[in-house]
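As structure tokens, one chain now follows by itself in the form predicted alone.
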């Protein structure tokens, strides 16, 4: 079997892979991307953030319609979930075409190609790729592992009767009609977001959470503010141990224990949202790369024990978010082009994170609920007094900013409510720039926009 020479082989074609691949190819290097779907976009586009947010935004429009029904809009409008799904599918199709065009444009002037196949590490410089066309061997100057993550399904009897986020959000998904009653197992961001979307569109939702808090590991103060603001059609049960899922004549029945007492809930469908786990390519551990339950072990340079082998995005599990993967991918590209010297580093601690519930919650940096938070000075701004929030009748929630004592340098923040996902990005820019409460307070942000609340939260300290 002939061995092909390449400067970089990327395992995966999502946010952790293609930014590096493009940057390295633009520098005149030979690049190969290997992905089992043979398309760019990764989990985010296939069954993750893009399709789920397409559903969310349509649900948000429906909620706005209901909110302003007093203005004379018809109040008995019912959403067509099939049309929502078709809109989601169209967005995915459009973005796949966009990525394909980007690759075609670059490949016209650079040595880069995408192979539809499965990659396996043979040794620290050799990768075997199996595809429908057979096997190929590649001798690689650098290897970038960006193989993403997959759905984790716990060994609960009857788990195969459940839907997963893949069934809801992939192109042409399994769920094509709105369930009257949905049971969600798992109170992480995927379960809570999906509960919000479908409740907004008309479903009743029962969410079963194993621990005492949904969004486990996130700031308890933020979660305590968020949960009461969720749609009243969502019922959250905590401290639950799911025992079994069984089929009934009309749907599914979930047997569980709460406070030691056996109970059950009947639903039209059950969503298993117990989390995701990294996909580790075959051969990774065999060649001596260290892995853990959370993923491949890397530091800020994204290098494994082999300086020429990098792991980015969900594969390393440090910050399993698309935008974090993109930044990591570029860090890897810079270090590859620098001869594997640490020319660039990823900052894992200050990546903005948004939970796209309705309303949303977002956070960044150090907040009081973190074990390593240390002493912090807090400023706040309630959306009840915000002009934009009042105009849109979405006055729930607030901005909380956290500063280092003495210097009042911004250390972190969380936002619950209107425009949370936008605001945390603006706050993140200030955090990355080392801004203080004085500087934030002095900035004249636009009126009437929710972002002016950032300066007002800072001014609450003075």
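Numbering follows the first chain given and starts at 1. Quick caveat, the model's predicted, so the values are computed rather than measured.
Below, we refer to the form predicted in complex with a small molecule, which is not included among the displayed structures.
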Discussion item. By the heavy atom within 4.5 Å rule, which residue out of 254, 119, 333, 298 makes contact with the small molecule in the predicted complex?
Written reply: 119
Item to complete: Just give me the single entry in 416, 34, 424, 31 that has a non-hydrogen atom within 4.5 angstroms of the small molecule in the predicted complex.
Response: 34
Practice prompt. Answer with yes or no whether residue 148 is in contact with the small molecule in the predicted complex, where contact means some heavy atom within 4.5 Å.
Written response: yes
Worksheet item: Is residue 325 one of the residues lying within 4.5 Å of the small molecule in the predicted complex, judged by heavy atom distances?
Response: yes
Worksheet item: Any chance residue 15 has a heavy atom within 4.5 Å of the small molecule in the predicted complex?
Response: yes
Discussion item. Residue 225 versus the small molecule, in the predicted complex: is there a non-hydrogen atom within 4.5 Å?
Written reply: no
Discussion item. Quick check for you: of 200-208, 105-113, 302-310, 277-285, which stretch puts a non-hydrogen atom within 4.5 Å of the small molecule in the predicted complex?
Written reply: 277-285
